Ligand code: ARG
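Okay, so here's just one chain, in structure tokens, the form predicted on its own.
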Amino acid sequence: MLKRYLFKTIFSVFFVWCLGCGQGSHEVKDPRLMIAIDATFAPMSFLNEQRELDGFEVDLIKEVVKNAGFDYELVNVEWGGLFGGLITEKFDLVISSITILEERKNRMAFSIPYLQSGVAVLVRKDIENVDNLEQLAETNAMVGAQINTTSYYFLQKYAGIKIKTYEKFGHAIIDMANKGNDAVVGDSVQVNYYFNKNKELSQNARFLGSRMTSESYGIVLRKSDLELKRKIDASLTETLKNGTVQKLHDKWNLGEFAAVPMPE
């Protein structure tokens, strides 16, 4: 009986010790982050001529995660799969010019803002005596926008405007060059990119006023990843304060309507 009791006691202690070892090893998290980005938004994120991920946000996220002490893998994912992949833990971070909105905060967490952008308008130069969207609406102008974007919903505020939708913003630009619409509305960074890239466009179109709205972009995380958010915010704060983000802004020529914020 005594031997059997001693055997049970030793076995129990050994089992608990092993269990404790297993739990400790399980708590060590992989420092490699899976990061998703939708590479269809030049110059923020796109595939270059070598079919490699490139752009302002690609450069930015590399700086932020390395400075935070993480290894990473960056994958190109269509917009529709970004948030679902984050929630199901397929990805740890998402960066893709995602506006920080209160309704989105109910389902996910955001880093501090890394860029302030908004809606900008290009109008054909032969559309004269028009200096704002209100005047454009009075002419019952045909205005193009990428469907289901912030720009598209913004246009709906102007009753006189006829909205023409496109699957991609670039298609709206091409249509304007062919006089298929009178103006186009898009994110200020994207509008600026096409305006500077296309000489014919810069000769035949002009900006209508300045930036129409103000939006802040943030890196997206799961709400439960509090420690990861703390590290990402700390790293992003440093890259904002030391001028790294501004240098990337200048490198990619994001334009005067896109501003680098200073952390509070």
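This structure is a prediction, so every number in the text was calculated from the model and none was measured. Heads up, when I say rigid core I mean the largest set of C-alphas that superpose within 1.5 Å between the two forms. Just count from 1 along the sequence shown to find any residue number.
Another form exists, predicted in complex with this ligand; not displayed. Remarks below refer to it.
Note that among 155-163, 122-130, 93-101, 171-179, the stretch whose heavy atoms approach this ligand to within 4.5 Å in the predicted bound form is 93-101. Checking N192, S111, Q146, N76 for any heavy atom within 4.5 Å of this ligand in the predicted bound form turns up a single hit: Q146.
The contact with this ligand in the predicted bound form, taken as any heavy atom within 4.5 Å, belongs to D38 out of D225, E63, D54, D38.
Though the partner is left out of this view, D59 does not reach within 4.5 Å of this ligand in the predicted bound form, counting heavy atoms only. Taking non-hydrogen atoms only, D233 never approaches this ligand to within 4.5 angstroms in the predicted bound form.
Scanning 211-235 for heavy atoms within 4.5 Å of this ligand in the predicted bound form gives E215, Y217 in sequence order. Put the two forms on the same core and the Cα of W79 is off by less than 2 Å between this form and the one not shown. If you fit the rigid core between this form and the one not shown, you'll see the Cα of F169 move by 2 angstroms or more.
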